[in-house]
Each structure stands twice: as structure tokens, then as C-alpha cells.
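This document starts with one chain, in the form predicted on its own, laid out as C-alpha cells.
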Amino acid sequence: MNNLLLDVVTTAGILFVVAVGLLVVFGVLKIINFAHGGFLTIGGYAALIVTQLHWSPWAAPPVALILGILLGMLVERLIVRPLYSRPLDAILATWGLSIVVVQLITIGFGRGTEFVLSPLQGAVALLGTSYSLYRLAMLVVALVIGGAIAGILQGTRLGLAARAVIMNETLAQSLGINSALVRFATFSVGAGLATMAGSLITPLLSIDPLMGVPWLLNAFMLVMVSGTSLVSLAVASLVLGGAQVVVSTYGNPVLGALTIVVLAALLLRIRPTGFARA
């Protein structure tokens, strides 16, 4: 039972890390970045390159973060920015970009499955059981990322501008806030968070060109039931991620993989605002 509890909590942390970049972009830009899965995959292969170069596994997250921010800047400027007034086209464009990323990675690395080194190996005794040290570290990473984003939103000029754009972009512009710059910075940071998440989850699983697809689906549903709230995302990750762990443990792992999607769809049917405040 203690092992199950730890699985629930750490899975929630992992899901939060994977979905937070998508939430940040959705909160400000009001579009779902379907290239999020592609950025996750890029982060995974960034970690693979770090491993192949025999660098420290600790280098993978910062390398992936910087790469993601740079790519996000390019994508926002060339692809997303011209489509802000056409949200549906922006969504389709990011979906198309994700497909392009998969094909380019397949050409460059092949379709084979790869593995990377974990920066933390082994297990630690906790709550009467032996548990993966890296999974526990992912919970700490989730708390740090959530706290950092909350701190930026509450304590910096960029955060204040971003919150103003989230609440009312027209009013924010009338107050002299450069909403285009806020959008640019937000998309770039969101892409960086996605690639960093991809590098962080790779020690827990294998890497292949399609690794981002299932994570994108779960992240999308978590954001849909969370709105623009970090707290709601944390709650959704805990509740729906916990349900996934329970179904996978006591039921069927295949059904467990569908748990988040099914429960999120049911929740939105019953309560359109999901875990967010009405």
C-alpha cells in the first residue's frame, strides 16, 4: 500500500512536469500547442545526445531547456505569430509541426528504441518500502518548477504582464503592455519547459520518435480540466494520475493508459470548468 501511495504521488509530479509547459502557453496564448509532443520528443533526444557524448546526465535538462527555448522562439516568430487571429489554424499548424518533428527525428535517428542514463540511480528506504530515488526526485522537480512559475507570475514585471494578458489582453494593451512580446516570451518558455520535461522523463522509459504522442494526449486532457491554474493542474495530476496508477495496478495497464482521457472527458461533461474555479 505504501508503494502504491508513492506511485500515485510521484506519477502526479511527473504528469505536472509534462503538462505545465502546455498550460503556460494555453493560459496566455489561448491556443493548445499540439507541437508540445514534438518538443517533448526533442527533449528526449537531447538527453540521448548528452548520453552519447558521455556528458554528465545532469547536463541533459539544462541543454534541453535552452534548446527548447531557442526552437520555441523560432516557431513562435515564423509559424504561430501570424495565426494568433486564427486559433484553429494555429492549432492545426502546431499539429503539423509535431508530425514534421517526428519525421525529422526518424530520418536522423531511425525508428529504433534508445535509452539514456539516469542522473540518480538506485532506491531509498521510505515508508517501509524501497522506492526509486529518481521518481522521488521528479516530485521535487515538479514542486520546484511549480514554485518558480508561480514566483515569476507573482513577483516579476513579466509575470504581471502575463497575468494582465491572461485576464484581458485588450485592456492590457491599452495600459501599454506589449502583448506580442508577452506571447513571444510565453511560447518560448513553454517550449523550453516541454523539452526539459522530455529530457527528465527519459530515464524512466525508452526513447523513440513517437514517445511524445501519449504524453501529449494526457497533458492535453489535464490542461482542459485545469484551465489556466497551476493549483488546478496539480490537483488534476494527483487525482487523475492517481486513478491511472490504481487502474494499472489492480486492473489492466492498457485500460490504465486510457484512464486520464476517459475520466477527464467525463469530468468535463459533468463540470465544464473541470478542477478550475467556475
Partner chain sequence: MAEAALQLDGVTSGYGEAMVLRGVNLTLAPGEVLAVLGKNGMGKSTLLKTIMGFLPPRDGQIYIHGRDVTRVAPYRRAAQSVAYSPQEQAIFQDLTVSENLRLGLRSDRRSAAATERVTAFFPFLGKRGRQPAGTLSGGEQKMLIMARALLSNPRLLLIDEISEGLQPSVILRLGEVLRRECATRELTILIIEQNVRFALSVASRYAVLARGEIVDAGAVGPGAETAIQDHLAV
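Being a predicted model, the structure only gives us computed values, none of them experimental. Positions refer to the first chain, counted from 1.
Beyond what is shown, the protein has a form predicted together with its partner chain; the following relates to that form.
The putative spot formed by R77, L83 and R86 is not touched by its partner chain in the predicted bound form; no residue has a non-hydrogen atom within 4.5 angstroms of it. A heavy atom within 4.5 Å of its partner chain in the predicted bound form is found for exactly one of I201, L136, A185, A172: A172. Between the options L104, A123, L143, L160, the residue in contact with its partner chain in the predicted bound form by a heavy atom within 4.5 angstroms is L160. Residue heavy atoms within 4.5 Å of its partner chain in the predicted bound form occur in exactly one stretch of 128 to 136, 204 to 212, 109 to 117, 164 to 172, and that stretch is 164 to 172. Although the partner is absent here, I177 sits close enough that one of its heavy atoms falls within 4.5 Å of its partner chain in the predicted bound form.
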